[in-house]
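What follows is a single chain, given as structure tokens, in the form predicted on its own.
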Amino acid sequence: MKHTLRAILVASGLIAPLYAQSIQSDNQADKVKIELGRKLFYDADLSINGTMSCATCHEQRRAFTDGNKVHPGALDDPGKRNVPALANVGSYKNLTWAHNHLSGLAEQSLMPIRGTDPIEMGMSTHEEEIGKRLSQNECYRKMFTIAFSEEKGSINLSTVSRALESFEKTFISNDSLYDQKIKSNQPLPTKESEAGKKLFFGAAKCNSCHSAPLFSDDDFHQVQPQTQAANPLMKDNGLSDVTGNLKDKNAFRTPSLRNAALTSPYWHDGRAKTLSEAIRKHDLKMNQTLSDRDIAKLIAFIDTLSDISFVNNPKYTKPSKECPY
């Protein structure tokens, strides 16, 4: 019976088939690659002055965001966009707020490391320095040798980015209260959250873009530009800056609402401080029909998408300084 109900829900769009799997392998190289990526994720040596790691902006307790409107770079260069959450990032074909030509997470990881628009970790033209720094660490030499034996343990930007990709692909968030209740065919714990779910998948049409189970359609949509940009010195035209197509101007990828209660502020430029404000900044025609009570119900539902096990999973925390190999 539950299986039949689940099939109906999948067909109706309320949920979707399992969408993400962390790497499951008995291969030691794969396991070491993940653990290596974890160490690198927390290593500030990937930045020009040793002050910024991936985890500087992507904090686990905030579902891998940082709570700021935008984040300045290692050399205090101004930030451009709000830090995106990383839950289920391995399931997306479109990575970052406004890019549709990235081959995967390995290539995406190079953007903060050596990108210049904006300058984040500041390693552009200093890429070889990363290999030199990491090679001085005996533990890294051991781990790279095991993880990349076919490349004789070479430590360079390519192997670093692939290790980061392996770790980030394990960022699976699918055990929220919403997920638990769906699996057990039970209603959400409060009348308000249950009403919010009905509104979300019904009259409010939130799921037209924030579709389950990712709660994002992994697509780009045009939004009204902010009257004053997060950084007035840095023009942000969204996807059109990548494609060169004016039709893509002000188009940004739909963010996931998983763990949204933990990831304020919202929108690509951090313009909305609260979920209520974020909802109200959507298309005016749609929101004219949403009362304050409706918005409270939607927020009660979105709260059930928080995955406490995800933000507390010890597999994602900063590793011990002691070498595991």
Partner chain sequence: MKSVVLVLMFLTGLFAKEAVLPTELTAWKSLSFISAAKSANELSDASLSLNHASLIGLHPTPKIQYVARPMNEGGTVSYGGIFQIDIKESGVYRVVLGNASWIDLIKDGKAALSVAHNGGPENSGIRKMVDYALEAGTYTLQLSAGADSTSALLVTKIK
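Residue numbers count along the first chain shown, from 1. Fair warning: this is a prediction, and the values are worked out from it, not measured in the lab.
The following text describes the form predicted together with the partner chain, which does not appear among the structures shown.
Visitor: If the criterion is a non-hydrogen atom within 4.5 angstroms, does every one of 45, 50 and 320 touch the partner chain in the predicted complex?
Guide: Contact check passed for all of 45, 50 and 320.
Visitor: Pick from 117, 138, 128, 76: which has a non-hydrogen atom within 4.5 Å of the partner chain in the predicted complex?
Guide: It is 76.
Visitor: Considering 133, 142, 99, 205, which brings a non-hydrogen atom within 4.5 Å of the partner chain in the predicted complex?
Guide: So the residue touching the partner chain in the predicted complex, by this definition, is 133.
Visitor: To test your reading of this chain, name the stretch in 50-58, 27-35, 253-261, 270-278 whose heavy atoms come within 4.5 Å of the partner chain in the predicted complex.
Guide: Comparing against the partner chain in the predicted complex, the contact stretch is 50-58.
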